[in-house]
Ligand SMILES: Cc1cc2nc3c(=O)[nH]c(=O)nc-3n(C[C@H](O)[C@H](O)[C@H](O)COP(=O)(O)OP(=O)(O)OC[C@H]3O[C@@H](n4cnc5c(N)ncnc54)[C@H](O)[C@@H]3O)c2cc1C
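Read the single chain below, which is given as structure tokens and is the form predicted on its own.
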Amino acid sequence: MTADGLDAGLDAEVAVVGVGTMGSMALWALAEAGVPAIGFERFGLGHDRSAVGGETRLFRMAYHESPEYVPLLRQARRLWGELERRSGIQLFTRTGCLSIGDPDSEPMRNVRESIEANDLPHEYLDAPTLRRRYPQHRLRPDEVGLLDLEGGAVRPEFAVLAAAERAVELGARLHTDTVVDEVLPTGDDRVLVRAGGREYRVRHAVLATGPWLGRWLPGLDTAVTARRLVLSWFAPHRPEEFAVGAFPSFIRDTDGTHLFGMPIMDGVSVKAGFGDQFGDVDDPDRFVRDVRPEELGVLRDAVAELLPGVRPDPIRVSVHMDGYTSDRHALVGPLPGQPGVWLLGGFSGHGFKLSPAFGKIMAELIIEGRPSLPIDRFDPKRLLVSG
């Protein structure tokens, strides 16, 4: 056994492949638990070539996707606060998060169930109250609002930097600008990682490679699809009407349009956009981060219709990627048929807010063999093993 507690022949207990949204949080959680870990990142730390970027990401406790996410969100919120304290960097801004839609729609039912089942602080805004309180939104006659008082915005670039740097402070090693070529179980309770012209031997390897996740096994290329994320910012006519405190972060489903946005966080512009409506990425290594003017037509129309207080031509656009599964739920757990290899990906455009909770869960799976919160929904076998 070596001086750092490793068995002879091991370079680390755990290798984390991809130190972005999820990998940085897993590396941090492992280091906090005292596990010798090593991270590999093919680009620079905090890069914007995949899902990280865009200055802000929504945090919402009352969840459109499913009420079962709320315990994970509570843990994530606690861990965001812990990472803020450890790093000294403000990562979370409370803005509230306003859900707007037909009260009988599935997203709004999920938001109500999230609130009722978990006793979340909120305000229900009927149509007249919603119009009076937030005239920045143009509403349909039947639309109502649910204001999640714990909602807000997270700063993604600083979050990844803070988590990775904290992990290094605690003893984790980190290799940036290092491509991992192979992750191979060797049959002797070891996993071989070939990266940067070297070989590393570990007990566990966590694949947290975002839009690149699909290339690790033939089954993964059909389970995880890389898609474009287009983020956009708009100039308001009256900036004070869209300031933090006057205009909550929001998410709405109106006539088939799924629009989200945030108040002015950069001193200049209102962020607003769609989810994954800008197409698949054939090869993440050859991803072109351009947006054709015609691609923004539908977004411009939606902003002009639903947010009349902002100018509908975006003043800034950024393009990113993420890995999507067919059911929009992540892959978290062991990779079937590959002992010692774990998946942490496929978060389908709504994972950033949850990332510290899933980083901690991955550490628990490796250290204790079981998570502190239920994660059956995310078992990779549901998509990778046929009956």
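In this text, all values refer to a predicted model and were calculated from it rather than measured experimentally. Note that residue numbering follows the sequence shown and begins at 1.
Although it is not shown, the form predicted in complex with the named molecule is what the next lines describe.
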{"item": "Check all three, 29, 77 and 358, heavy atom within 4.5 Å of the named molecule in the model of the complex", "value": "no"}
{"item": "Stretch in contact, per heavy atom within 4.5 angstroms of the named molecule in the model of the complex, of 29 to 37, 332 to 340, 358 to 366, 50 to 58", "value": "50 to 58"}
{"item": "Sole residue of 200, 242, 212, 234 within 4.5 Å of the named molecule in the model of the complex, by heavy atom", "value": "212"}
{"item": "is_contact(residue 216, the named molecule) in the model of the complex, heavy atom dist at most 4.5 Å", "value": "yes"}
{"item": "Distance check, residue 352 to the named molecule in the model of the complex, heavy atom within 4.5 Å", "value": "yes"}
{"item": "Any non-hydrogen atom of residue 178 within 4.5 angstroms of the named molecule in the model of the complex", "value": "yes"}
{"item": "Residue 111: touches the named molecule in the model of the complex, heavy atom cutoff 4.5 angstroms", "value": "no"}
{"item": "Within 4.5 Å of the named molecule in the model of the complex: residues from 302 to 327 (heavy atom criterion)", "value": "320, 321, 322"}
